[in-house]
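Have a look below at one chain only, the form predicted on its own, in structure tokens format.
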């Protein structure tokens, strides 16, 4: 593992994404400071990191001796000013609310060094809007990491209207040093790339469920055992090339008119949300989630992602 010199990373937010982004950087030998709102918040983040490191070790992806060194690269703090002091890259991972993020960056910007890149881990909000209240929006951009950030290789870099090319270039260099594969979203669109693709699929899945075409479990299985197996190797355009563009053109012609064009969530999803059945975190959603089922699914997902992670690292080192 590379233990060379890296500039410091500050992560503001110790929740689901923040702790995993911090871990991703520490695995790449970056010194990291992680800010949380309370000691309890930070202790929860530490425990989640330890669990992820345990899984990496158990799966043979991380030497046992390295586990402690990775965690030692991360400083935990409740002080925002100390967290960002001297950091070359500041990544915010707080709730996905535009007003909150605008106020957050307005308060944090004066604490950052004059040359620091300031990034948001937003999942789809406009970077121009997020940073519009900053004094220097030229150094602001979105870095959308995917969950779990320590294993998912892709980061979407989304500049705003005021972001300079130099900021984008430095951000891409930082992500490469972190072992990530970064792509630049050339034009601001809600949801960027990944979430637009994900939610197009989710909209059609809801439609199929509500039309009684299949059960939620069978719709999931259809995605897992077809698209899920293939898209990891060939994206939509390469898949179309390999299948024959004449075939994809013909199928598009008769299939597109019947696809969902709904502009809001389906009634089944709305009903679950109204009932407080919010998925895994609430113990019930489209599926029932016991603690045992939740741990088993998380472990299964992490094991498969670790295999991809090891393959990606091998390809990068080759």
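Numbering follows the first chain given and starts at 1. Computed from a prediction, not measured in an experiment: that's the story for all the values here.
There is also a form predicted together with a small molecule; it is not shown, and the following applies to it.
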For this session: Can you work out whether the small molecule is within 4.5 angstroms of a heavy atom in all three of 25, 173 and 177 in the model of the complex?
Result: no
For this session: Answer for residue 144 alone: is it within 4.5 Å of the small molecule in the model of the complex, judged on heavy atom distances?
Result: yes
For this session: Indicate whether residue 17 is a 4.5 Å heavy atom neighbour of the small molecule in the model of the complex.
Result: yes
Exercise. In the model of the complex, does residue 101 have a heavy atom within 4.5 Å of the small molecule?
Worked result: yes
For this session: Report yes if any heavy atom of residue 37 sits within 4.5 Å of a heavy atom of the small molecule in the model of the complex; otherwise report no.
Result: yes
Seminar exercise, completed: Partner contact check in the model of the complex: of 117 to 125, 222 to 230, 161 to 169, 207 to 215, the stretch with a heavy atom within 4.5 Å of the small molecule is 117 to 125
Problem set entry | Of 112, 93, 155, 151, the one that lies within 4.5 Å of the small molecule in the model of the complex (heavy atoms) | 93
